[in-house]
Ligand code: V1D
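Below, in structure tokens: the form predicted alone, a single chain.
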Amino acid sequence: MAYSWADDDDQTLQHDSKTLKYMPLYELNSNFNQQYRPNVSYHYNEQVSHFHYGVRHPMKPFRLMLTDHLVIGYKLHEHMDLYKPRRATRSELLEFHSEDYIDFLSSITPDQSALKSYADTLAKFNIGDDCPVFDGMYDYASIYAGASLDATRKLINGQSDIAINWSGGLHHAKKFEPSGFCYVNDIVLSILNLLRYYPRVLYIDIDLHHGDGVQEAFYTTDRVLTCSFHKYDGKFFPATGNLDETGIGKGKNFAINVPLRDGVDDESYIRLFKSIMEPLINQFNPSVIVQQCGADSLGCDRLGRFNLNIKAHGECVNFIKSFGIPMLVVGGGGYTPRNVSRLWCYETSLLTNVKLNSKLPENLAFRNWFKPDYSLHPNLKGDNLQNQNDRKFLENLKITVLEQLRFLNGAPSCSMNEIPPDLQGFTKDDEEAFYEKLKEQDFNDKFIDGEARDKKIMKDEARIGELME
């Protein structure tokens, strides 16, 4: 095996400052020419990291800023198309969410006197400790949802093979209410947009928590297959995602759940994931894949109960990428910000076929957040969590899930006779400005063409010897 400095997690020798200054931050994968080489786009609006749920709340949007700093610090932006997406419009949010709920999100403020008068409404919309009212709540939701929708549009029009939005992946939000730190379900909105163009969508969720909001939204259709790997004991939030939740009606057997116990480790998780996903993809034959990469399934997460390291989590993303199917990749949970940013930076490198130096860049902003090791791959195995997923349990789990796949009867087909409108996602103001510009251009073209035509006629009718410029 060829040596690579990118594999040096623990170096015996310390480099001097001059060597560190000129050491490359990444190298292209050694099998780069033989591998799938997708066009990758990165969708990020920096304003999404400016919001704050509350001092004691585990959700920290500034983890997205740390992720972006790592991506830029490693110069991964050189391998992607970069987009600053607009916010989702009210009409786009209403494609899934109810009108009264969106009106509530856009009007409520954290002012204490106002909240008292809204007591009944807050209870109706499930506002509480998990989903508090904070300043800019509606703006925050529209920004991360807008980024996911922008990513789907780039997939639909062929500009991207893989589109990344780490600010998205908020999979718990329901049609009428927020849930589990999630206010707007950008994944459901994205899948609805993808269904306008793609016949079948596969949704994969490797968050610690069950992707209940997405499963619920597509529980009765065979055009979306949802597959979630998560912790389940009947009590752990959201207390859904058991094996018997398989879909109803036309969607029967198109909801797949893989409920795991505490402490699952790298080897067990990867083996189970690959043994299920390969036959599932071959059977369902998705046109596009949406993968939610919640980082709370890592070891040492503030709310986590799994024992995964960053490379193991990334291997699940890399495996799905290897099928060469268009992908929307989104974030999700993750409550230890420094490890969340490490993970999503690493998975960005996998999606772009780049191998990163395990030592973080010396000039990285906020580098002190990653001390004492300053490594992209710290040991995240928690000693206090034993793996309660023995081989027999995992084998029975795999057999049960694969048995469910037998009832899919091949990839479902659907009629796609009419090209859906508005695939570019222009707002009404954008369209009006665009048409005005076209009218102005058309008028100018006609004037210029008419002037040129008259000049040509004058040249043709000129008498011999006359000079016409």
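What you see is a predicted model, and the numbers here were worked out from it, not measured in a lab. From 1 onward, residues are counted along the sequence shown.
Beyond the structure shown, there is the form predicted together with the ligand, which is absent from this document and is the topic of what follows.
In the model of the complex, at least one heavy atom of residue 237 sits within 4.5 Å of a heavy atom of the ligand. In the model of the complex, the ligand sits beyond 4.5 Å of every heavy atom of residue 61. Among residues of the shown chain, residue 209 is one whose heavy atoms approach the ligand to within 4.5 Å in the model of the complex. In the model of the complex, no heavy atom of residue 273 sits within 4.5 Å of the ligand.
Stretch 288-296 is the contacting one of 348-356, 100-108, 288-296, 148-156, since its residues have non-hydrogen atoms within 4.5 Å of the ligand in the model of the complex.
Proximity to the ligand in the model of the complex, taken as a non-hydrogen atom within 4.5 angstroms, holds for one residue of 85, 180, 378, 247, which is 180. Scanning 365, 122, 303, 243 against the ligand in the model of the complex with a 4.5 Å heavy atom cut-off leaves one residue, 303. Along 305-340, residues 332, 333, 335 each place a heavy atom within 4.5 Å of the ligand in the model of the complex.
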